[in-house]
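In the form predicted on its own, a lone chain appears below as C-alpha cells.
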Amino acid sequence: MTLHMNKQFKQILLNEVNRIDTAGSTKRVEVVIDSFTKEISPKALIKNKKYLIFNSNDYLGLRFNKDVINAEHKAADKFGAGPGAVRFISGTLKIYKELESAIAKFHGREDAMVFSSAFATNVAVMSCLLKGQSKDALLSNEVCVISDTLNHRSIIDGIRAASIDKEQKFIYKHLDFDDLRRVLQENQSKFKRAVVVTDGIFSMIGEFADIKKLKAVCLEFDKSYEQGVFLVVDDSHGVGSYGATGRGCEEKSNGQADALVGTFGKAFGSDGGYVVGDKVFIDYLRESAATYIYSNSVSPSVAGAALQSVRIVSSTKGRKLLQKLQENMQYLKKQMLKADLQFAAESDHPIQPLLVGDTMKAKQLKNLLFKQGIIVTNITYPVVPKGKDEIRIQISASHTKKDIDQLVKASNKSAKQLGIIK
C-alpha cells in the first residue's frame, strides 16, 4: 500500500531541506564506511580506498582495542545480544551493575547509573531535577535553572522536557562566572533551589570549564537558596581524554560537580551514557527518569566493552595512552602553526578547531581533504558564531606523526587553494 503525503505539507518539508542545503549546513549526506584496516593507526576503508580518521571521538583508540573487543564478545556470549526489556521489567544483568560500580569508583562517587546514551542521560537528569514528582517532592515552581550559553543540545532538551515556565530559565554568558554570580544573586529571593548546568569540554572548539571555580560560585549562594545550588556537569568529551588520569574537567581543575554526566561512546570507545553522584540522587533517578524506566539499556556486549575500557583507562596502560594523546595533540598544534594555519580557539583538549571563517569554504575544505584521503568535520554557523566556521580536528592516541604530517600538508595546500591562507 502506498501512502501519499499531503502536497502542501510535503512542500513545506522540501523548502526547509533546501534552505539547509543552500546555507551549506547539510548533515544528512553521510560518509559510508565499508570497514577499517587492522593497523596500529586504523584507517577507514571506503570503496577500497584508505582514509585517515580525524573526526572521531575515540580519543584513546579503544574501540579497536583487542581486549575491549574480546570483552564485548564475551559479554554477548554470556548475556545475549540484547537486554530483553527495560531493567525493572526483565531484571538487571550483572554486567550493568559491574559497569555502574566501576564508573562510580572511577569518579570517586557513591553510585552510578547507565543510560542508552549521554543524550538520554542529560534529558533524564535535567528533567528530574527541575520538575516535581509529587506534592511532597521537588515542586517545579520552586526551582530555577541557569545554563551556559553554549551548552549541548541534550542539556537544552532536558530543560525543555521539564516543562517549567520561561521565568524559571536563565542563561549566563559563556564561561563567564561573574555573570553566573549575577544571575544567582538576582534570583536568590525568588526560588528555593537553583540548578546550574554546564558542559565540561565544549565540543565545538574544545574549551574547558573550570569546575573548581564554578563550584565555588555555587557555594557562595548555596545558603541563599533554601534547597541549595546544585551543579550538573556534562563532561562527555572530557572523561577519558582530559586530565592526568583521564578523569576529565574535574581532575583538571581539582573540582567536583554534584552530578557528573559522561559517556562510554567517546574516549572509552564503546557506547551509552551515565551519571554519577550521591546514592540518594541516583536512587531518585531510577524511580523518576523516563529515559531509564521506559527505554532499554545498552546491549550487554556494549556494557562489557565499556567495562573493559574503564579498567584500561584506570591502569598503567591507560596512562600511556593519555601521554601519547597529549604528545600527538602538541605535535599537531606545532605543525599547524608552522604551516600558517590558525585555530578558532586555544584548546589543550584533543579537539583542535582549524579556523576557516566562512561557511561555504569550510564545507569546501572538508571536501578537498576528503579527496586527499582525510576525513574531518566542518562545523559552521549557527552551531558556531558567524565568522568562526571551522574544521574540527580530533586527535587520537592511535594517530602516528605520519598521519598528522599528512593532515597538515593537505590542509595547507587546500587552504591556499581556497584563499583561506596565502
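If you're wondering where the values come from, they're calculated on a predicted model, not measured in any experiment. Position 1 is the first residue in the sequence shown; the rest follow in order.
The next section is about a form of this same protein that is not shown, the form predicted in complex with a small molecule.
Note to self: Taking any heavy atom pair closer than or equal to 4.5 Å as contact, tell me whether residue 119 reaches the small molecule in the predicted bound form.
What the structure shows: Contact check for residue 119: yes, within 4.5 Å of the small molecule in the predicted bound form.
Checklist line | Partner proximity in the predicted bound form: residue 318 to the small molecule, non-hydrogen atom cutoff 4.5 Å | finding: Although the small molecule is absent here, residue 318 would stay clear of it in the predicted bound form, with no heavy atoms inside 4.5 Å.
Check: Using 4.5 Å between non-hydrogen atoms, is residue 266 touching the small molecule in the predicted bound form?
Finding: The answer is yes: residue 266 has a heavy atom within 4.5 Å of the small molecule.
Notebook entry, point to check: Looking at the partner-bound form in the predicted bound form, is residue 349 within 4.5 Å of the small molecule by any heavy atom?
Noted result: Contact with the small molecule, no.
Checklist line | Non-hydrogen atom within 4.5 angstroms of the small molecule in the predicted bound form for each of 154, 234 and 272 | finding: Every residue of the candidate spot has a heavy atom within 4.5 Å of the small molecule in the predicted bound form.
Notebook entry, point to check: In terms of non-hydrogen atoms within 4.5 angstroms, which of the given stretches 340 to 348, 69 to 77, 181 to 189, 111 to 119 touches the small molecule in the predicted bound form?
Noted result: Among the listed stretches, the partner-contacting one is 111 to 119.
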